[in-house]
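The chain below stands alone, shown as structure tokens; this is the form predicted on its own.
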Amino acid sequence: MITTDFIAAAFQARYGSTPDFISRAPGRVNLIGEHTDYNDGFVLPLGIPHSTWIAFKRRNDGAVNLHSLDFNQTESFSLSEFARGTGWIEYAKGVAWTLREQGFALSGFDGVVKTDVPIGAGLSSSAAIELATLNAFAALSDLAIEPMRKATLAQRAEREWVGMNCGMMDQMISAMGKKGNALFLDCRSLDHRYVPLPSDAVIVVMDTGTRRELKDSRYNERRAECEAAAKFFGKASLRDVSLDECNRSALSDTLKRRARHVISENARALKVANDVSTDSRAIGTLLNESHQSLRDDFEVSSPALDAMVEMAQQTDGCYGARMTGAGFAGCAIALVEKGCEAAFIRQVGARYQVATSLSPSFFVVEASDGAEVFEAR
């Protein structure tokens, strides 16, 4: 795992001085409530220890120079003139553009960035770099921005600058995570509360070893299909449609299945948050149902994700499993009996590699705190 000492030393090696501050923002795992966020629905994510870190020092010329240790690449832009480009820097640039558009005065900086959030794996590496960058600007420019507004600003950067028409879940949990808890979020009102996780189970993230480029994937297509279905019913969003109303409708088969997933997934998220939040077996059953719905009705799974989930579900100690994130590639999660995780990982990993010829990776996650800034020592 990355530490403050590691990222500070990397800054020293790159720029020959100590940083002013260090910013950290976590990735996330969504326990349940997938593809419901942009339908004004309910989600239950948690921040994870895997985070994006930036060590940074003020500049007085309005330039931002950011060196990625992951890509061994330095990118720069000016706070006085913004031009769209490509690559990882666009997330940081989009945050700066959004803050300037909202009237915030910003200071430039030299920075070093490092992440251990797997990129393209469905664990929201994009929100992590957005919140880490936003906190860097806030620290240097003495901006008093409360966490929920930080999340909305980061979402705007991803939607309007990067071009990914995302919901609010990823930025909210990266900004507002709480150790030991999931965040139950109403994506319409942004009402939220923390939900303790079961004490007898752990969450295992199962990386299939496959990747996708989210903004170039079928994510935006699914969003458009949901909007079309809601329009058919004359509703603001699919959150306002009942399952019975959906099943009895004259929607096309494709749109009916898309709507059915969103409606049933909202019900599952509500059930976990309100009724069975400490019942691992009940949560596991709902995770299994969620994966089936994502696979068959929403069609955002993949052969690799299906293989990983099926093998997890068949392994001793697993309460339930499903794909997580936008889908098409990336990661799945399993809720596993505490004490069984080592054997579970060993067995699932071996079987998955034989079946797919892919090299998976696994890690156990605990719910972590949201984005934070440290003064460099």
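The first residue of the shown sequence is 1; numbering continues from there. Just so it is clear, the model here is predicted, and its values are computed rather than measured.
Separately, the form predicted together with alpha-D-galactopyranose (GLA) exists; it is not shown, and the next lines address it.
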Checklist entry - Can any non-hydrogen atom of Pro26 be found within 4.5 angstroms of alpha-D-galactopyranose (GLA) in the model of the complex? => result no
Checklist entry - Looking in the model of the complex, any heavy atom of Ala326 within 4.5 Å of alpha-D-galactopyranose (GLA)? => result yes
Checklist entry - Heavy atoms within 4.5 Å of alpha-D-galactopyranose (GLA) in the model of the complex: does Asp37 have any? => result yes
Checklist entry - Should Phe77 be counted as a contact of alpha-D-galactopyranose (GLA) in the model of the complex, where contact means heavy atoms within 4.5 Å? => result no
Checklist entry - Heavy atoms within 4.5 Å of alpha-D-galactopyranose (GLA) in the model of the complex: which stretch among 276 to 284, 138 to 146, 168 to 176, 90 to 98? => result 168 to 176
Checklist entry - Just one of Met164, Cys246, Val205, Leu197 has a heavy atom within 4.5 angstroms of alpha-D-galactopyranose (GLA) in the model of the complex, so which one? => result Met164
Next on the checklist: Pick out the residues of 225 to 260 whose heavy atoms come within 4.5 Å of alpha-D-galactopyranose (GLA) in the model of the complex.
Outcome noted: none
